[in-house]
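Just one chain follows, in the form predicted on its own, and it is written as structure tokens.
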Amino acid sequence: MAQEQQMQAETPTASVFAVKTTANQERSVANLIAMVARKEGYDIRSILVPEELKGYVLVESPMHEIVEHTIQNIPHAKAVVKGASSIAEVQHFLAPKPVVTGISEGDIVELISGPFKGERARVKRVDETKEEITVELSEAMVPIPVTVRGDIVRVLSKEETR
């Protein structure tokens, strides 16, 4: 315990280390790392579970050994990947991506919740700032534009670019 406190005092700058985990267990591993670090007093400054990085948890700590000690008895935490990253290298994981990314005008989408759940529609307009899309329902008798949140649609097919 005194050795860990001495390690914390010697190295004030932190690096980001990747912890390999079992697929789909990233959140539980991150929660357990946080609990162990708090209980044992380890110098773990932040924990990140990026959606795009399946099977890995990013841990910010001054030393590789601190992360090794922390994950020793955590189930589903396999190993710490050799080498460290800087905050700048993982910065792109911190900025949220707009929900409507990948949806463009003319795409065929399916509404997955709300009053029009299960309906197919064609995208007429995409508003990235509000994260909304305006669609025209395919099965409707009269084409009425409906504006919905971008997270309640699933893209079925993309429009062919000419």
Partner chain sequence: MVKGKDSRARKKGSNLKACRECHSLVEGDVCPMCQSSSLSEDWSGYLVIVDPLKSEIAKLMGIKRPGKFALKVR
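Nothing here was measured: the structure is a model prediction, and the numbers come from that model. Residue numbers count along the first chain shown, from 1.
Unshown form predicted in complex with its partner chain; subsequent notes refer to it.
J.: Quick one: of Val49, Ile103, Leu137, Met63, which gets a non-hydrogen atom within 4.5 angstroms of its partner chain in the predicted bound form?
T.: So the residue touching its partner chain in the predicted bound form, by this definition, is Val49.
J.: Is there a heavy atom of Ile87 no more than 4.5 Å from a heavy atom of its partner chain in the predicted bound form?
T.: Flag for Ile87 set to yes.
J.: Does Val99 make contact with its partner chain in the predicted bound form, using a 4.5 Å heavy atom cut-off?
T.: Val99 belongs to the contact set for its partner chain.
J.: So in the predicted bound form, does Gln91 come within 4.5 Å of its partner chain, heavy atom to heavy atom?
T.: Gln91: yes, in contact with its partner chain in the predicted bound form.
J.: Does its partner chain get within 4.5 angstroms of any non-hydrogen atom of Ile44 in the predicted bound form?
T.: Looking in the predicted bound form, residue contacts with its partner chain include Ile44, since a heavy atom lies within 4.5 Å.
J.: Within 18-34, which residues come within 4.5 Å of its partner chain in the predicted bound form, counting heavy atoms only?
T.: Contacts from 18-34: Asn24, Glu26, Arg27, Ala30, Asn31, Ala34.
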